[in-house]
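Below sits a lone chain in structure tokens, taken as the form predicted alone.
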């Protein structure tokens, strides 16, 4: 049965939020999550932040060569992950989605293995860091060219619709992707075909050094859905509960055959665009500190504290537990050893090609 009542109206004037910055519930409906579920959300938020911090450390240790910071995106990413069915729905992520993937159940040791190109990496070290993918979870491998994953995501959604599988596709991207032709082609095709897909824009206000105001004449990314014939929602992406509930509704609409949605999550990138970027050139430290006061983890801590579900002592204990888990996963990934160079010849053809086998032999002889 298709649900005919929905909690959120599209093309809203103000970002949807359910928790204010003091941690008060301001939603117009009853919270239907258990205390255990709320605490689980908090754990995912903390793990995402600590994983991001640990990536910075392995970069400095020379264990990886590239990092795309995600601190500030955790609320949106945890909410999105909890709105889909892991291993059933398809996920087409972008390179800043480590918290999303970890929350989906992507083994953290495999994320580390991808970062360090060790033998545990399902992609055999063939992608640059921050570009994971996992067949078992239907996670499409991250692609570097901006927005290039959006059209394939629509293709997967149309395939699911034709086959009647009931699957939904979730694809994420930064605000910079909305300046690419691939992105607009994808949304147009999805709207025309009624594809069961959710387009999730993690708008951190900067496409590397270009702020959003210089990218578009539209004040909101969500407004662009008008042109393609489906709903657009703008959400406070630093509110994990608003992110969860809006994402869940968008996914449910798609699953019930009501077509695509575009959800814009307003977040902020605390770190530089990447480890190759110096963000001090284009934004002030005062601006960054202003947004740090709106941290999604701090806001959720205030919310949990008001419900008797969090104390500073409990928060610190959790952080230490998660740090230990992450370190164990990192050590497991590293202990597997580096990817052998000859793996570059694997999986290219179903039947080994004689020329590649000859080249493999030459490489092994040289090594």
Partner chain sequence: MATLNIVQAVKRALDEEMARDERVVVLGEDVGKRGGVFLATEGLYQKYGPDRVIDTPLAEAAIIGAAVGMATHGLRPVAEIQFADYVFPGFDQLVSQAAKLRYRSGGQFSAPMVVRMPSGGGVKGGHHHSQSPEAYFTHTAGLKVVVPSTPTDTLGLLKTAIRDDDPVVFMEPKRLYRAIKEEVPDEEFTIPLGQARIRREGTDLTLIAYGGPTVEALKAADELTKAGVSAEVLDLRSLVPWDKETVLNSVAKTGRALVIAEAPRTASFASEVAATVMEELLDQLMSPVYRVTGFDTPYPYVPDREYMPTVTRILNFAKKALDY
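Rigid core (definition): largest C-alpha set, two forms, superposition within 1.5 Å. Here the structure is a predicted model, which is why all the values come from computation and not from measurement. Positions refer to the first chain, counted from 1.
Not on display, but discussed next: the form predicted in complex with its partner chain.
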Of 118, 141, 215, 275, the only residue with a heavy atom within 4.5 Å of its partner chain in the model of the complex is 141
Residue within 4.5 Å of its partner chain in the model of the complex by heavy atom, from 253, 220, 205, 124, is 124
Point to revise | Complete contact of 133, 350 and 354 with its partner chain in the model of the complex (any heavy atom, 4.5 Å) | key: yes
Residue 189 near its partner chain in the model of the complex, any heavy atom under 4.5 Å?
yes
Note to self: Whether residue 284 contacts its partner chain in the model of the complex should be assessed with a 4.5 Å heavy atom distance threshold; does it?
What the structure shows: no
Using a 4.5 angstroms cut-off on non-hydrogen atoms, would residue 185 count as touching its partner chain in the model of the complex? yes
Original post:
Taking 4.5 angstroms as the cut-off for heavy atoms, does residue 152 touch its partner chain in the model of the complex?
Top reply: yes
Only one of 207-215, 158-166, 276-284, 243-251 has residues with a heavy atom within 4.5 Å of its partner chain in the model of the complex, and that stretch is 158-166
Rigid core fit then residue 25 CA moved by 2 Å or more between the shown form and the other one: no
- prompt: Do you see a C-alpha shift of 2 Å or more at residue 359 between the shown form and the other one, with the core held fixed?
  reply: yes
